[in-house]
Structures are given as C-alpha cells and as structure tokens.
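Before any questions on how it binds or moves, here is one chain, the form predicted on its own, in structure tokens.
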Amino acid sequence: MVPLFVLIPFFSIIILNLFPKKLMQHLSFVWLGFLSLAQVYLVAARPVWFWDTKLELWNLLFSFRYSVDVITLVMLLCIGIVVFISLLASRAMISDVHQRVNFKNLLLVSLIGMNATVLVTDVFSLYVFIEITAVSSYIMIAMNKDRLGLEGAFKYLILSAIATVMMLVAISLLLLLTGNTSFEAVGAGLAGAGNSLFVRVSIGLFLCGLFIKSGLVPFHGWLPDAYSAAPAPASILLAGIVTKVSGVYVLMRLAISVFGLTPSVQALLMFIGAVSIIIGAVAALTQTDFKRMLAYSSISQIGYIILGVGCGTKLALIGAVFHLFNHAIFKSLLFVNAASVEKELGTTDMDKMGGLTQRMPVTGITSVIGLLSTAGIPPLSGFWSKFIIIIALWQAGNFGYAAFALLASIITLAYFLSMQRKVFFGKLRSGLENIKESSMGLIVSQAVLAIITLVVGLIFPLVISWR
C-alpha cells in the first residue's frame, strides 16, 4: 500500500481537473486537506494493515523499488503537516480562482515528488523525483508574475540546472562503476572500488549538487531570493519541507546508506555545515525584510543538520533527524507569521512595523514560540535537537565544532529578538491602528504549529526517561 503515497496524488490531479474551476477549487481544497491529514495519521498511528499490504497490480505495471524506515516516516510526517499548513495559507492568501486552482495542482505535483523522493531506493529514480519537486517549485515562486518572483525563480532554475548536470554526471559515473543504480548495488560498488579518483569525483559531484539543492553555503545564492519573493503559501512550502526533502534528506540518505561516512565525507559535511551556520546567522542579522531574514535563518539551521550528519555517530544522526523535523515545524510557523503580517500590512519590510502584538496577539505570541525554538531555548523542541547534536559533537571529540554550534545559537537569538522588537514589541506604529488579527486559516495554522513545538519539547524528556 505504500505506493499509494504517490499513486493517489497523481490520479487526483487528473480527476480534479475534470471539474469546472470554481467547483474544482473547493473540491481540491477538501481533498488535499484529507490527503495530507491522512498521511499524517498513517505515519503517526502506523497501522500495520497499511504498511504490510502489497499492491500486486502496481508491482505488475510499474517497477517502483521503495523502503520505509524511521527517517522515511519522519519525512512523510513532515510532508503531510507542511502541505496541510500551506494549503490553509493558500485559502487565506490567494483570492483569484485561477491562481487557487493552479496552486493546488502544483501542491499535488510537489506532494508526488516529495513522497516518492523519500521512498525510492535507487539513485536515478531519486533524481527524477527531485526534479519533479523542483519544477513545481519554480512555478510556485513565479506564480504572481512580478519582477522579484520571476527573478527568484530564474536564479533557482539556473543553479538547480547546474545541480542537475552534476547529479546526472555523477549517476552516469556510478552506473559505469556498478552497472546498477540501486542504493545497495551502488554502495557495494563504491565499497569495492576503494578511494579511487573515479569514486571521489562521482561522490563529490553528487554532494555538490545536493549542496545547491539544500541552499548550503557557498551554493546558497538562490535561496533568500526564492523564499522572500515567492507567494506566502509557496514560501511556507519551500522553507518548511521542499528544500529539506530535495536537498537535506537526500544528502543524509546517500551519505548514510550509499556513499558511507568516510573521514573525507565527514570532514566536508562538518565544514560546510559549520560555515553555513555562521554565514546564515550573520547575514540574518543584517536583514530588514521579514521573509528574507527567515530565509538566511534557514541556511543557518540546515547547517546544524548537516553538522550532525557529518559527525556520523548514532546520537548525532538522531539529533540531525530530530532537528530536521523541528526545523520543518518552527520554520513553517515563522513563515506563517510572516504571511499573516504581509496579509494585513501589505509588506514584509520590518522598518515599517512595530507593536503588532497589540493588534495581532496570536501572531505575536506564536512568533515568540517559533523564535525561541529556533534559538534552542528550553523547553521547546528546538532546544533538544540542538542539545543532542552538540553533545554528540562533544562526545566524538569535535570540541571546536560543539563550541561553535553553541555560540551560533546566541547569534540566532540575537537576530530573532531584533525581529521581535521591530515587528511585534513596543509601541504600536502610527498608521497601524486599524490592523487586525489574520484570517482563521492562518490563525489555525499558527496554533497547530506552535502546539506541536511546545508539546514535542515538553514530552521529549519523558520519552527519553521512558526509554
């Protein structure tokens, strides 16, 4: 039954578009909401009947090799949550009927690409579904057809094309080496080939392509423009899950299951992670645009995940996966906060804001929860994942990286407190007296994500004690 995660969204696109557009926008909203929540339920409840049932017809018609493990389940859970939140935001932020229909179609395409990416077990299928996700992302970013949106989409397209060439060349080299593209065959072939130049080039090209897809320094040029220029629902989807699935997850999966965490791969990942943490954090300090600051913050937080993967110990990998989940939640929350502010004020320029908590209390309070979790303040969920990564680094003897990761959290707290002061704290700025709280869809989204952040943070120590 696992292939239904790909099959149902695919046929949904075909069937829903048979209806008139005005009817389709309502049907697609209900159906997409059901699909995303059903995905969350199936992962969270993990009913045995679903995971153990095979689709014989599917296996006859298609060759779809897949596997499900803990990391896969975490990613499917994140995808379901963020797609649902993005759907709610689209209801509040997109008023044009045609744009609503187009966005929901793109959301379904993205759902197909992301679900398949985390399920497949061969490198070529992985590449195909990464590109399916990327194509829907280009269109989402440019959906408003404004200058900034087209510019952001163009930068993403160009750099993504470079990443595509790198990955295709790497896949070709791996196919020449192993005669197969399955994870198992490629992993065995690389292990048998040793540390030859051929192996180093293929792994290096693939990793560089994934660094671009992840928005890691020094390949991060597209990310701030894409995140800040995209329509609010697309920003939530991109920052919340797309970059993590098509870049971070794939990098984690291949490094662990295929390439192997050799000393050279570990050193590269830890260096790139550390540089991304500091450059993303320092760049965020200088921003005056709400969404652009959150974009640079994403670069920094993704750096923590890569640092954990590079460390390579069991505890570090647990921390990396946990922080990936937490980042999907609290970064989606902060982008929903930005969407609420943008909807009411018509701008994301923080210099034109101030004291908004007085008029938008839910947005103001939930943004505090999001920023504190991002900065790693206890007892919120972000604290525990960062704490695990830092402890793992220390235990592995990477004392410098551990201290570096700890100090970077102080910078994170600094730029988020600056954002909070400019946007939500203090006296209400003149001319904003008529501002009101955002629409119900955005309020519900903020509440759900804030509750997840709080609950996960509070129950995590109990889970550890119980285990």
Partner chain sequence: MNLAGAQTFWYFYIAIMLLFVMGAYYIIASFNLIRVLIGLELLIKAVTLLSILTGYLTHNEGLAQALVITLIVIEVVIMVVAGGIVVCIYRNNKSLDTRKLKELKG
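Quick caveat, the model's predicted, so the values are computed rather than measured. Numbering follows the first chain given and starts at 1.
What comes next is about the form predicted in complex with the partner chain, which is not displayed.
Checked against the partner chain in the model of the complex, the residues 317, 77, 279, 153 give one hit for a heavy atom within 4.5 Å, which is 153. Checked against the partner chain in the model of the complex, the residues 304, 249, 206, 296 give one hit for a heavy atom within 4.5 Å, which is 296. For residue 176, a non-hydrogen atom is located within 4.5 Å of the partner chain in the model of the complex, even though that partner is not displayed. Proximity of residue 292 to the partner chain in the model of the complex falls within the 4.5 Å heavy atom cutoff.
Using a 4.5 angstroms threshold between heavy atoms, residue 184 stays clear of the partner chain in the model of the complex. At the 4.5 Å threshold, heavy atoms of residue 157 reach the partner chain in the model of the complex. At a distance of at most 4.5 angstroms from the partner chain in the model of the complex, all three residues 148, 162 and 229 contribute at least one non-hydrogen atom.
Residue heavy atoms within 4.5 Å of the partner chain in the model of the complex occur in exactly one stretch of 135-143, 385-393, 240-248, 88-96, and that stretch is 135-143. Taking a 4.5 Å heavy atom cutoff to the partner chain in the model of the complex, the contacting residues in 106-141 are 124, 127, 128, 131, 135, 138, 139.
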